[in-house]
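Given next, in structure tokens, is a single chain: the form predicted alone.
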Amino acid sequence: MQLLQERRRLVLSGGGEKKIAEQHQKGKLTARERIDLLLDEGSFVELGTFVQGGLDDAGNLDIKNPGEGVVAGSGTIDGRRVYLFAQDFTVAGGSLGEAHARKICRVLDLAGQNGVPVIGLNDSGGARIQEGVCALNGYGEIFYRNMLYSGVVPQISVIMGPCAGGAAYSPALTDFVFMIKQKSHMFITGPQVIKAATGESITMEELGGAVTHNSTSGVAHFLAASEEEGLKQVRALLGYLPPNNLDDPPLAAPRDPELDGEELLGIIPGDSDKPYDVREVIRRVVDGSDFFEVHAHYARNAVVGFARLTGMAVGIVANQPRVKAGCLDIDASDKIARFVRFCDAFNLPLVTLVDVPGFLPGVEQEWGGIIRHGAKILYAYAEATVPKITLVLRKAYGGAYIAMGSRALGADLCLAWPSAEIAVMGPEAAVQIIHRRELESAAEPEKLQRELAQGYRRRFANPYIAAARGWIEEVIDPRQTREYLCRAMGMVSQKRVQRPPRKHGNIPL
């Protein structure tokens, strides 16, 4: 019994008082402190407490790496079971060795086999160099399980310190990545290596900090000002997600929006080119006006996130007219496609709000592969079998109209506001092509163009044209948007789809 108590004390003390003090001096919490913050009080059950690499004498208390630099186990968040691991930077810098990887793999397997979300709290100096290829193999074992349980259970990564080299690929394989300002850093090659290889000088924060990966690279989905805020965000996210791909998302008590739905009538400017914030539409429609935005700082011309309609969790996708007029570009295409596929994997119905003038034009976009990236949205929406409801708010032009959850791609119900314009292209551009000769010879070409554009809107872009062909189910009063969406969700909530058998499709990555 004395040996048990002594060994447990050594493991619980991590790297010792000095190392813990150094962690706190950096403004960082320890692995066990993070677990206590994340989980419901008293719910944590540790697994693999005494895992130890190279142990050949059980009585020897001179343990080099207590707990192998990672704390693993299970607990609850708001009463719902999760599995998790937290790398302990106070022990060998949280470096990953063979036994360290084995503990993580054990947690991933238990989460996958029990149909429970898994959370990784990453804070590691990378591979344990002394273990050589054994450490590299450990990363490979983790990557394999990230793939194996992808789309089976939600996988969440929280970067709470360094995450460099091969270690960065495990979070990249998970569903959501959280990062902390000034504390989190991710990169494949660090500033020193880049300086030696290319001559470029860059700081660690600029290269792989939380702001960089949230706004520039898109690697991270959430940005927090502190560890406490980041862990609180994780708890909030899990409130929308089912435990696995076979269960439904958790229900909540329905709540009316806190913002006035009557304001939807005038939310879109009379001038079709003026911007507005589509999130103001979302908040006037969803339960409690609560919208949990994902990828908020990346590809801001698209908005994605979670909300509820009559207590049912749903995924929201929308164009953002305030940024690039809501055009779809390379980054927005990737952002939307990934989110749609996540929602489809975990039985979250999709609500799409459309105000898109097209794909962003430009040489940079074409050379960057906008065709390939835009095809990801087409593939994702067409592949998704969850309930899909689309509402056209204003512009819905060309191929971008098709991409944004159109009936042709399998939307169950499509609605439109009277302000909707559904056409091959915008009226101004269309009349330049159709009436080019008339405009060239006109005495007042600008006035004539305005008149012809209005005629084009009436004849070709009017939502009733699409409604006449059944591509729009209903043209609705904006003030009744929530009512229609809630009823529509009830109509298709029991949807079941059978697809041709296949190993898997080949999304244009």
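Computed from a predicted model, the values in this text were never measured in an experiment. Quick note: we count residues from 1 along the sequence shown, nothing fancier.
Heads up, the form predicted in complex with a small molecule isn't pictured, but that's what we're talking about next.
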In the predicted bound form, the one of P191, G166, G112, G399 near the small molecule [non-hydrogen atom within 4.5 angstroms]: G166
Residue among P243, G126, G218, G75 with a heavy atom within 4.5 Å of the small molecule in the predicted bound form: G126
4.5 Å heavy atom contact with the small molecule in the predicted bound form for all of K26, A92 and Y139: yes
Contact flag, P162 vs the small molecule in the predicted bound form, heavy atom cut 4.5 Å: yes
The small molecule contact at F143 in the predicted bound form, heavy atom, 4.5 Å: yes
The small molecule contact at Q130 in the predicted bound form, heavy atom, 4.5 Å: yes
Interface segment, criterion being heavy atoms within 4.5 Å of the small molecule in the predicted bound form, picked from 118 to 126, 419 to 427, 346 to 354, 148 to 156: 118 to 126
